[in-house]
Each structure stands twice: as C-alpha cells, then as structure tokens.
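One chain is shown next in structure tokens, namely the form predicted alone.
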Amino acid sequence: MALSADELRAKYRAERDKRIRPDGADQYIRPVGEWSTLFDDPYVTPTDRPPQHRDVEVVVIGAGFSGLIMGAKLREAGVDDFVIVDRAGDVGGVWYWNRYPGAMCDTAAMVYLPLLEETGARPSMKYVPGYEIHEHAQRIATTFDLYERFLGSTHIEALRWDEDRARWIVTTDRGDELHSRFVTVGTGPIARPKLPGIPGIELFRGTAFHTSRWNYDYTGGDRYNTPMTNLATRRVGIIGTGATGVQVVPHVARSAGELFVFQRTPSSIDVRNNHPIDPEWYDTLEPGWQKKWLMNFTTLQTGGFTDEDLVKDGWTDISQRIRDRVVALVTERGEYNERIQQEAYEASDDEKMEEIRARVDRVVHDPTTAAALKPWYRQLCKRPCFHDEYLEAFNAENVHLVDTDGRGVERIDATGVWVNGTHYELDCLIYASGFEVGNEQTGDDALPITGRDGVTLHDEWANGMTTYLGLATRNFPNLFHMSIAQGANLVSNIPHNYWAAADAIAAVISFATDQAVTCVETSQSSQDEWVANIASNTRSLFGNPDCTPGYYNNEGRGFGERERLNSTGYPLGAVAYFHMLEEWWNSREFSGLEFSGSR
C-alpha cells in the first residue's frame, strides 16, 4: 500500500534523522600510519631522472581529464611549451587509480568521454568500464603528444608567485624547479581517498584495502573482471554501499566464499540497460555531434527543453518528468511560480522513487533483505546509481546484507566487524568509502599556492572560494582553476565542466601570448560581482529536509556561506553558464580581466 504524501515526508525525515551525526563529514578520516600507503602508486615504479630547472610557458597540474583536456586545448590554440604534472605514474586521474572490479562511470560514454571526435574513438558500450575510460585518457595523451610533456610520479610541493619576473616558481618532490608564466590547477573533485572513522579500524589483522587501491595479489583476478579465484574460501566484508560499493558487490559476490555487505544507507538503484554501441550507426554521426550531445544532455538534465533526448538515461528521465509536470501545471493554472516548480519536483520524485522501491521488491527474493535495500529519500539527495546486477547479487546464498539501520558499523577488531552487538568474523575487509569531495584547495592540506604579498590561496579562500567566472582569483595572476564550483557545477557530467573551462583558459593564454603581455588577472570589481552572484544562488535540493545525509549535502550539516561558495554554481544554470562562457572567450575582449606588462 502506497504511503500518502504526508506519510512519505514523515518517513523520509525519520530515516534522515537517524543518520544525522554531530561530526558530519569529520566522521571520515584521512589515511595515516599504515594506511598512508594509500597515497603511494602501486602501478608504476618511478624511474630516475634528473631534476628539471627551466622556464616553461604553462604548468598544468593534474593529468586526469581536466589536465588532458587542458593540454589538448592548449595545443589546438598553438601553445606548445607546457608540462603536465601528476603524482600518478600515468594519465587518467581517478580512472588511473580506480581499478576495482566492476569500475564503470554512471554517465553515458557518448557525453562522458571527452574529445571522442578529435581522437577518432568509438565507445564500446553506452556505459564503458573503467579500464576503457583509462585507455581513452591514454589515447588523448597520445593523440595530442601530451606524453612528451608529462612529468609523472611527481608531486608538486609548492607554487610561489615571483612578482619581479611575473612567473610562478613551481617546485616538486623530484627536485624540479619550473619557472612558469601560467599555471592551471585541475586536481579534480575526487582526488583523495577517505576512510570511515570507525573505532578499531587500525586493529584488523586480516587483509584490508581501499577500493581505489584494489589488492589483486590477494583476491586474484584483474581489472578486466577475470574471476577473483583466491576469494573462493574467504569471508569478505565490504563497508560502503555508494556508487563504488554498488559496482564492486556483484563481482565479489561471484567469487567470495561468503560476502557480508555492511550498509548504513541504501543507494537508489535505477535500471542501467547497458548495450553495445553500433559501429555502423556511430559512423553516421555528423561532425560536431559530440558538442550537440553534450548540450542536449545538459539541457535535459537541468530541466530544459529539446526536440529529442539523445542520451536517454536516468539523469535525463527525472528532469524531464519534472519539466513536463511544470508545463502541465502552468497550463492548468495560467502562471508559473516557485510553488509550482516545487510541487512538480516533489510529485515527479515521489513517482520515480516509488518505481525504484518497487523494483527492489521485484528483484530481491527475501522480503526482509528487500525492505532494507529500499531508499527512503529523494533521488538526488545522494549520487543516483544505475545497475542491473547489484540487487540481484543479494539473491545468492553466499551474500549477506548486514543493515545497520542508519547507525553504521560499531567497531572493528582484529578478526572482524561489530554491528548491532553481533560480531562478523572476516578474512578480508574492503573499504568502499570513496574520496574526499570538493575543491582540494579549500581543504586543510591544500597545495601551498602563494600569490602576491605572501598570501596563500588557502587563506584567501578561508571563508569560501572567491573567483571570477570560477576561473581566476585576484592577487593570483596567471593562475587558472579547473573546477566545477562557481561555474556550471554540472555534477552529472564532470568532464563537460573541464571542456568549457579549458576552451576559455586556452583562449586567454593564447591571447596573452600573442599580445606579449606578462600578467593576466581578474579585476577586484569583477570578482566581487561574480562572488555576490554565486552567493545569491539559493536554488538547491541539498538542504531539503527530506534528504538523507551524504556528501551532496555536507553530511546533513547544511551549508553556511563558506560551503555555498565552495559548492554552488552559476544561478542561471549550467546551460546558461556554458553559453555565456563561450561567448565571453570567443569575443576576445575578455571582460573582467586585466592584462598588463610586456615582454
């Protein structure tokens, strides 16, 4: 029997309240001690090389999709004198580190994989596995000769602005000292693995590892989903049922003697319906197709109108439901207002989440397990998941869901895990607890970036990010950010944010080089106006009282001014931001920036 709207709200809030913790995001810990090896690179042994001491036009920080797109756009703009620096031994960013079984992106490859036309690539599936995403990153690096400019296995220690020379002094742990005219920072919103701060985490004496450093020596198998035969006699526990856990569980379930999945909050699991990309159809796509697909996806996912849905996925589905209800209500009542928008959102979300909960009942055989796997919150409160094997895994006799009713694991000891007063003995414990989410420069261990007058970017942003267009900050000349915050803030397709930023940054750098100017900086008035504009954006689902805690809503703590500035986008939305930014850099006027000095 379906719940009434009032009963559903009460249920959502009750489930939310039992999960609220006073420590919020501080419940997670950074890897230290024996866990500090999480920051090591198990895939590449650094080769000896002499330190580099030289001038360079651009230092690109980060070799994930942000740095690769930046490098490609610099080359397209005719800027060839640059280096890309990353602590990883190869390009790919999170897709270099994430090699766990089942790794896959939840956004369709046609819009997620950047530069498909430029590299002549065709995705194998609508949603491609992680190793194919990593291979595409390598393809970008090869196509644009970025490996020739890549300093891998290299950690940047500090950046310091030299006012006299109008250059950034970039130092690394390999003894490098690069004097760079420009710097782009693109370390990504998910750069640092995190661990749950469960009492006793350091006591476990079985084998334990984080999903971002999967131990195939222990499990057997490989990232290409070869069976993990070494687990056949092992009792395995997984802590974490977010996007990573959802992908890992079916693969471990097929291999482990017994699998215990420790769940605090169930994820929303919608249908994926993955399928191969037809090569003949793909060859019919006209030049410029990917930009068209990107804007089509973004428009629909953010509630806009298009003649067709090119991607047809779970992201666009919920948005179109909301949009169509708004149209119906406006037609019925003869006006539009915020109350209509909210009414349409709630009704559409109620419908979608009821479908998702009904799917659990259809798929999972045991009624008690099915009840525990049902998500009681709005779909966009947490990262939506799409999978066709996760729920099915709980029908296997060797798979046990250990639901903690929102409280989480109590403690860990030398031999296993305690939940609700019951001890679960384990041979192996896997942490699917994800990454710290947000701009790395706002964290306590931010990269030391010192601008004019000895002020660090970390201190400059102590009360929240301050930028112009999300790209540049006053008193940090010739430094550009590649972030989603204070820009489009399109969380459903992160690379699109980087693509737009890279186009703009490459245009600025190319213009400055052509004009032989030494310094590019945002004006104070432009930055102040932009930050005020960002601060005015109060349209967010993340403070909704129906939302369970998660990284989307600061673990239920809500958002103060600092958090809003660090995580909010352009008030008019992603589509408007992308169009505005393209017009801005195409004009070659670069309003809001100041160009000074000459070479």
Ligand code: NDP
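Quick caveat, the model's predicted, so the values are computed rather than measured. Position 1 is the first residue in the sequence shown; the rest follow in order.
This protein has a second form, the form predicted together with this ligand, left out of what is shown; the following refers to that one.
For a residue to qualify, one of its non-hydrogen atoms must sit within 4.5 Å of this ligand in the predicted complex; all three of Cys105, Ile198 and Gly242 qualify.
Not displayed here, this ligand is approached by Tyr100 to within 4.5 Å at the level of heavy atoms in the predicted complex. Looking at Asn533, you'd find every heavy atom of it more than 4.5 angstroms from this ligand in the predicted complex. In the predicted complex, none of the heavy atoms of Asn493 sits within 4.5 Å of a heavy atom of this ligand. A residue is said to contact a partner when one of its heavy atoms sits within 4.5 Å of a partner heavy atom; Gly464 fails this definition for this ligand in the predicted complex, lying far away. Screening 223 to 231, 92 to 100, 145 to 153, 322 to 330 for residues having heavy atoms within 4.5 Å of this ligand in the predicted complex returns a single hit, 92 to 100. Comment: this ligand is not present in this chain, but in the predicted complex one of Gly408, Gly130, Gly451, Pro375 has a heavy atom within 4.5 Å of it, namely Gly408. Residue Gly434 is the only one of Gly416, Pro250, Gly303, Gly434 with a heavy atom lying within 4.5 Å of this ligand in the predicted complex.
Residues Gln27, Tyr28 are the members of 13 to 45 with a non-hydrogen atom no more than 4.5 angstroms from this ligand in the predicted complex.
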